[in-house]
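Taking the form predicted on its own, here's one chain by itself in structure tokens.
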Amino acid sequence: MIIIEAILLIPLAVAVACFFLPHRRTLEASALLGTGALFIIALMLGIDVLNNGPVQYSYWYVDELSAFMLFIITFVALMVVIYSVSYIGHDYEEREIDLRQFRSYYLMVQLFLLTMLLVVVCNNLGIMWVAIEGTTLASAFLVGFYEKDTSVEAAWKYLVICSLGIALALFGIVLTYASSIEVLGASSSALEWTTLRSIAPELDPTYLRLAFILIMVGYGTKVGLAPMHTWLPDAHSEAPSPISALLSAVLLNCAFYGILRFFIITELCVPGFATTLMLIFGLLSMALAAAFIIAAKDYKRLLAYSSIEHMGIISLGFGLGGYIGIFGALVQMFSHAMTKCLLFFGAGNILQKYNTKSMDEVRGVISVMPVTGALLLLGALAITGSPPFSIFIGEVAILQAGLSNEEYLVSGLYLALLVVIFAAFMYHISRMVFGKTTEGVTKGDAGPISLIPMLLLLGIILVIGVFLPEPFTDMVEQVAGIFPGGRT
């Protein structure tokens, strides 16, 4: 089925084009057309999978979970490329970057996109590991894009910490292979996810327990789960705002996808072991994020700490399990991606207007930039789980799962941390949005090219939160059915 190869070849072709194209407008047009075509093709493949079942041939495998991830990756990428026309274009016009950097930005975005797509369409767990490591290498250049001392330092920190984590994940893959030796022997299919899932109850439970611990710590480093999160605030703060959106909305989900593939196998072999680890890392991540959100001084780092919180919430949902818990975790994955993308775009508009990332120096955004200010405030309400936005549905479903499972301590801690984070996050954002306007800042909102994707993202999380459309719930239900205990 050539459509999977097309999904991988399109970003590669656009990256090559960006290397050779000499002019700004042709670079932008190439990136827009290529990413738009990619989204349409991925959407077609996803619809086919949801209607007719998984697609598998050669090294490729796309099931409902892959289709779900493909939609998130390609849609967010399209929004990022549209927003980049304004954001990176502004940097180029202000001579903060030159044509070489401008070209390399679009080239590396496409290569970054290629690696993330490869993560979710391959069947072999070894190839998936290579692709996840590839996401680190591609995005490290984007983290250090501005070539300042702080951004280069953040890029190196990100590269070193995530590579160490990925190395641990490799040991986990080796142990997973070892767990299948008695069943499969030295078979070439011993690292294929479909094969391992089909024989999961027969795998060696001791090896598999050790393997999942290493996977959880290794890929969890890339997810930003505490205490392996230390790269995340620096990288999100120093990267260009569109790249911060990609890191938070897509990269973290891709790494979580890697965990989920092993989570399913482990739960089928050793029920309860993987879910316990998910609960521990989920609560720890939420607690650490709450402390840093309270003390935050930089609004991009604030959004980064929020990402740690939401990865913890997603982990908690899968840990609580059952249809309701898994449904809530999947809704949370989707909603966090859309909402955090919206917020980082808003942060980018503010950064270019106020020329600072310090929250103490940003006041009166609603007066200076009325549309951006309103969207930032609504995005903040959405990300903290306020109704009628879609994150509210995910968080309530996870709470319901905890109460249904009689996990009262977990549910109580979860609810208490949500309240603390809501209060702290809204305190910071409301001080930025309202109050006396910062002196020396000229009034005038961002251009329509940067506001249109923000409005579209807000519309999506609002529609899902209010109406919970049937196609969306059907998609999430099909994805949930892949997980043990995830069927209604």
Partner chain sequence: MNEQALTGVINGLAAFILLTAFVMVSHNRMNQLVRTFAIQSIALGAFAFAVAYYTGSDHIYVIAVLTIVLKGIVIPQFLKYTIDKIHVRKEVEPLVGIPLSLLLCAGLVMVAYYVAEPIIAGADAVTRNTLAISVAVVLIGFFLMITRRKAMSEIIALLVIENGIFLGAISITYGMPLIVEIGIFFDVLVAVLIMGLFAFRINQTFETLDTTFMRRLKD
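The shown structure was predicted, so the numbers you read here are calculated from the model rather than taken from an experiment. Positions refer to the first chain, counted from 1.
Note that the form predicted together with the partner chain isn't included here; everything after this is about it.
K.L.:
Tell me which of 390 to 398, 250 to 258, 125 to 133, 218 to 226 has residues with heavy atoms within 4.5 angstroms of the partner chain in the predicted complex?
P.N.:
Looking at the other structure, the answer is 125 to 133.
K.L.:
Since only the chain is shown here, I'm wondering whether Tyr59 would be in contact with the partner chain in the predicted complex (any heavy atom pair within 4.5 Å).
P.N.:
It does: once the partner chain is placed as it appears in the predicted complex, Tyr59 has a heavy atom within 4.5 Å of it.
K.L.:
Is there a heavy atom of Ser163 no more than 4.5 Å from a heavy atom of the partner chain in the predicted complex?
P.N.:
Yes, contact at 4.5 Å.
K.L.:
Is there a non-hydrogen atom of Asp234 within 4.5 angstroms of a non-hydrogen atom of the partner chain in the predicted complex?
P.N.:
Yes, Asp234 sits close enough to the partner chain in the predicted complex that at least one of its heavy atoms falls within 4.5 Å.
K.L.:
Can any non-hydrogen atom of His90 be found within 4.5 angstroms of the partner chain in the predicted complex?
P.N.:
No.
K.L.:
Would you kindly say which of Val270, Leu210, Val371, Leu415 lies with a heavy atom within 4.5 Å of the partner chain in the predicted complex?
P.N.:
It is Leu210.
K.L.:
Name the residue from Ala140, Ile264, Leu78, Leu277 that puts a heavy atom within 4.5 Å of the partner chain in the predicted complex.
P.N.:
It is Ala140.
K.L.:
Could you pull out the residues of 149 to 166 that have any heavy atom within 4.5 Å of the partner chain in the predicted complex?
P.N.:
If the 4.5 Å heavy-atom criterion is applied to the partner chain in the predicted complex, 149 to 166 yields Asp149, Thr150, Val152, Glu153, Ala154, Ala155, Trp156, Lys157, Leu159, Val160, Ser163, Leu164.
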